[in-house]
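Coming up is one lone chain in structure tokens, specifically the form predicted on its own.
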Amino acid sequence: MATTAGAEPEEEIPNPFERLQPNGADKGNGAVLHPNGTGSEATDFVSGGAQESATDDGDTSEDYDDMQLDPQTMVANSRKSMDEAYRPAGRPYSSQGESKKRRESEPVSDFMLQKRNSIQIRLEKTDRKGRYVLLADDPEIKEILRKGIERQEDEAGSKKSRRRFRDLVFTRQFTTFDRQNQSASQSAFFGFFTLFWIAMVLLFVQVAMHNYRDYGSILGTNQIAKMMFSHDLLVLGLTDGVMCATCAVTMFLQILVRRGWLHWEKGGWVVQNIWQSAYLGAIVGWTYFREWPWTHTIFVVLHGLVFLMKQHSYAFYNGYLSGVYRRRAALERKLKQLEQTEPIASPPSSPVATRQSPTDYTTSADRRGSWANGTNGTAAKQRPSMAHRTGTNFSKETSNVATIAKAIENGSPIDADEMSTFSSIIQAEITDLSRELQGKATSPSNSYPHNLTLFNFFDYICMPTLVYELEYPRQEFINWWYVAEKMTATFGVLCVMMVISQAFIYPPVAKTVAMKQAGMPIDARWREFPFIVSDMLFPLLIEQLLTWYLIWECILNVLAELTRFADRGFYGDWWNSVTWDQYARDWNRPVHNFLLRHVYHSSISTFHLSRNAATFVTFLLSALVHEMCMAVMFKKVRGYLFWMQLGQMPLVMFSRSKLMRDRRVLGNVIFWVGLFVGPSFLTALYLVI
């Protein structure tokens, strides 16, 4: 308990092991005192028969460093001013005014005169000026201080939660364009959605009629369909199956980590990253070896990246939990060792009890000073870290639990009260770690390490999410009519995309390739560049919209229904974006969530990067992956998409400037112009140069 200096109290986390001393000395229960105090816990100080009281108006102040305090000090009537929550059971609370009235109106018995409310205490200086440690041997004040410690720890824990692995909230929801989404069906723009699909159907019918008249087939010359279905289709399917099956290597690595054959923090994560690099390299190399067309290549590479991100999330989350599991096991051993320790006898509460000199308590004083700083020897403000959540080397750790563990390991004398306090602290840490291992799982069978099974792993692999959790919200059953509806939509959209590609995209692409093969000079091709861009503007925009709808509305919903995955927030209203970072967050929520947890937040917590630096690293990684996809598709590295994607960062800064503030329409116009022109401009660059 502490009196406070000035108008604003300074938060203190009391040290529950103040009395833990070498050589078995008892230091009592301590609390820090501040000068210039007007607190309510200690109202009067009596020293040598003279009383020094803190003024109510704060006009005068006391400097305890200049005062000569009697080591055997009596805090008089202090219990009358204590908060009722701290008062031991059976002692009614009354204010000083009520006590005065009762003394004036009621007769005073000899027993009441003999039973004086006072506490035997000691005051000791700390290494900070004006701060003292209050030591008391009274059994009741010990209980009061213990309750105060517990309450302050609870309040501190509620204000600032323990550092955990980055949490993502999964909830039951539908996609925006899903017919099960009531808000979408009641939207004021519902008719535009209907109009879009009517236009797509009419466009499909028109092109099919012309193709049938000119070529005798609704697909025309049918180059796109032949390229997709006549080359290595069986090998493509086998390749996809092998990619999925080899993901199990990640699960077996986690089993090795769980059994202690591989330490995640020392070398396990390195092995995992080596495997991921080999996995991606094998996929890219296989596409070059087979000399597949761009349709096969981009399918395999993108699906391989999906499997890669799933493995990374599974490995690093379970790797983190393995450290939590090992720490909990180590603390359970310490708790068992503490329970087997024989407590020492508590010293008497006599005012003249023999005490050792302060020089004998150097280690304890250091601990008290560290605890007073609230960090137990570390800097007051540090970047959040998860090291203490997974560490088992208590000798190098500076947390409070580690201090207790070191005291137990060194065989320091501990009395019964300290043993009870230390046991509570260790048990609280074990409980917190158990909650971490439970995660979002509602059943113990899904908590770590029970989740390390083939069924759990491949169930996660099939789910439409890239972020691993121990448990996800699930639907009660599978609606097979809904699956049939989305599958029909999938094949329907594919047909529309093939017809548009064949009619409007294939001709300008073939013309550009023919110009390069004919040896046309670069300046002549540049003169054709604007026309190539304009020819592909509308068809590429439609293909981009249909591709997005095919994957994020049709395919992901099919997977969600088959796995009963209830959180279907696969995208937001990206079409209303006014900045490029808003578009990056909303158009592909699964990838955004992965980058948020495993790139952005991991960069901050692991490499201690600033937010701006972590944002740059996230954009850089995304740009590199996108450029890799363009390289395997066009079989050459140009860097156009890489630099244009990095160029989004200055655009984001510009959109947040005063010039663009509150200009949502202008921001949305800039966004749509970029989305409209960008794909055709980039495609033309890769084709012409």
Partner chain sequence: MASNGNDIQQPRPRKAVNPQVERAYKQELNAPSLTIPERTPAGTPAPPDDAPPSVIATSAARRELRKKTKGRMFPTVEYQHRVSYFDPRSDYSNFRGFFVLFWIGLGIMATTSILRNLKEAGTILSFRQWPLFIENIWELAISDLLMAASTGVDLPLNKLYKNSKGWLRWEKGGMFVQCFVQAIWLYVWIAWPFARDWTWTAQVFFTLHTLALFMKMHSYGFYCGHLATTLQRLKQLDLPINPKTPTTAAVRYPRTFPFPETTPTDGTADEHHREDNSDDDENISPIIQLRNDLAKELTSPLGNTTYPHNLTVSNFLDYLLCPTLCYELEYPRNPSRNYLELFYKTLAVFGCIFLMTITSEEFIIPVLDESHLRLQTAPTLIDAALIFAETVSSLLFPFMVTFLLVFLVIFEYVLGAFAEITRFADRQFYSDWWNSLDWLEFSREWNIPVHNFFRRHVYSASRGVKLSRPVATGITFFISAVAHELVMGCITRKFRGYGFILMMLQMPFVMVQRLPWVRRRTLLNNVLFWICMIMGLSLLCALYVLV
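As the structure is a prediction and not an experimental result, all values here were calculated from the model. Residue numbers count along the first chain shown, from 1.
Below: the form predicted in complex with the partner chain, not depicted.
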Using a 4.5 Å heavy atom cut-off, are 648, 650 and 687 all in contact with the partner chain in the predicted bound form?
-> no
Want to guess which of 589-597, 237-245, 172-180, 489-497 is within 4.5 Å of the partner chain in the predicted bound form, heavy atoms only?
-> 172-180
Pick from 202, 416, 249, 428: which residue has any heavy atom within 4.5 angstroms of the partner chain in the predicted bound form?
-> 202
Sort through 462, 537, 282, 256 and report the residue having a heavy atom within 4.5 Å of the partner chain in the predicted bound form.
-> 537
Partner contact for residue 213 in the predicted bound form: the partner chain, 4.5 angstroms, heavy atom = yes
Residue 510, heavy atom within 4.5 angstroms of the partner chain in the predicted bound form = no
Flag residue 206 as yes or no: does it have a non-hydrogen atom within 4.5 angstroms of any non-hydrogen atom of the partner chain in the predicted bound form?
-> yes
Contact label in the predicted bound form: residue 194 to the partner chain, heavy atom within 4.5 Å = yes
Judged by heavy atom distances of 4.5 Å or less, which residues of 651-683 approach the partner chain in the predicted bound form?
-> 668, 669, 672, 673, 676, 677
